[in-house]
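This document starts with one chain, in the form predicted alone, laid out as structure tokens.
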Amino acid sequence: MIHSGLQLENNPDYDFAFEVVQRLQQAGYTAYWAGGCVRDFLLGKIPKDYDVATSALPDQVRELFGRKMTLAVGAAFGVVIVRSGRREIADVEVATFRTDLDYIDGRRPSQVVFSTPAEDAQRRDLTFNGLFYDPMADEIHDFVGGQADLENRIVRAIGTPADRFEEDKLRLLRTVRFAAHLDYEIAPETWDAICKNADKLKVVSAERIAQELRRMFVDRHRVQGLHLLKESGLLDATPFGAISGGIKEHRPEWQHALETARLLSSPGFPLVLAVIERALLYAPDESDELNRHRFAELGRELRLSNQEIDHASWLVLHHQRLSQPQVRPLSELKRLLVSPCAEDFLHWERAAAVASGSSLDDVEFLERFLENTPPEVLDPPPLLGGHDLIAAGIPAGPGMKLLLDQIRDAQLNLEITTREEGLELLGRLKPNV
């Protein structure tokens, strides 16, 4: 069977997706699993979700499964969601076999015509995403050569590649992501079409581009993906290229970033984003404020969350700013390592040092310091607050912040440990404000 060797016993998602196909077939319709779930099975992976393609029309699907258990999210395109009714079981998307007519917005067809499985396969993007599987009969239906391409480790657009990319420009990026993720070669005619049409990625919404980049950056083959993005011209067609003024592949900063990214182990998206921002957007001769503005501009262009923007910006601006930590004040070490970004900071410092062949003494010192410093010592409650300074006659403003920072530094340096000592220090510092 197609899923031989996979642990599918007691898998409620599999069971529900099987039931959907079973009920459609028992009602007299053709119904197969389609696309990504079939590809995953052939690759020996348990699918995260299941799509079903069927000869049943949307109203027939809703009639069969009940109006309350279906959602007509894309009935005009033949798409109905069949609900499992249980939170722990994924819903199944059921789509009528169709042929897409002209695409008018670079994403969606202006009209669809319900058709046959063979015609439906032709509208899909890549050959291994155009496969169908009948779980009842344990039969694969391959109208586009997807099985052979999987076996030969090739990523190939269905039909004429330029036509597939013209229909949905995001396919340019998705094709590269699949090639990197699977560590497959891109078929020559497909690669040629990507390179010739790379600039058309600019018409794709920022949210869709960011979604693909998020998945690509955290993939273990992220460097291969970045190479393909650069070589094809797709990276220059993203906000990275627009804001950086063009990506120079042989710049030492870019090559070091690629090697650093390769060495990162299971990084989150903001960390890899920071490594790329540092290579492409960071200007060491400009102020932190100007650099931060540039990073924020990229984040806004990609519609990233404020948390992602701030996290990546913090990492870029603190990278390699704590050389020789053994002789730094405790307050400086603690203020850095108490940050929610500290783990990513150390991860990057270690990878960057290995990438450049530098000593690991500094990062290992910081790692030991963080491991051996109890949380209550690393980040103790402040001894004084703004209300204490107001009571002492200090007006709100820059002077108050300066005093609070000085008192906090003294506390983190273990020079003072009690509220009384904090008030005494305030009394000594107050005349200087």
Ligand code: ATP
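This structure is a prediction, so every number in the text was calculated from the model and none was measured. Numbers follow the displayed sequence, beginning with 1.
The discussion below concerns the form predicted together with adenosine-5'-triphosphate (ATP), not included here.
Proximity to adenosine-5'-triphosphate (ATP) in the predicted bound form, defined as a heavy atom within 4.5 Å, singles out one entry of F143, W191, F178, W254, which is F178.
With the partner omitted from this view, the residue of R294, H318, R335, R174 that lies near adenosine-5'-triphosphate (ATP) in the predicted bound form is R174 [heavy atom within 4.5 Å]. The candidate spot formed by R39, D51 and R215 lies fully in contact with adenosine-5'-triphosphate (ATP) in the predicted bound form, as each residue has a heavy atom within 4.5 Å of it. Looking at 43 to 51, 57 to 65, 366 to 374, 391 to 399, the stretch with residues near adenosine-5'-triphosphate (ATP) in the predicted bound form, meaning non-hydrogen atoms within 4.5 angstroms, turns out to be 43 to 51. Proximity of K230 to adenosine-5'-triphosphate (ATP) in the predicted bound form falls outside the 4.5 Å heavy atom cutoff. Contact annotation: R123 falls within 4.5 Å of adenosine-5'-triphosphate (ATP) in the predicted bound form, judged by heavy atom distances. Heavy atoms of N197 never reach within 4.5 Å of adenosine-5'-triphosphate (ATP) in the predicted bound form, leaving it off the interface. The shortest heavy atom separation between N129 and adenosine-5'-triphosphate (ATP) in the predicted bound form is within 4.5 Å. Residue D168 is the only one in 137 to 169 with at least one heavy atom within 4.5 Å of adenosine-5'-triphosphate (ATP) in the predicted bound form.
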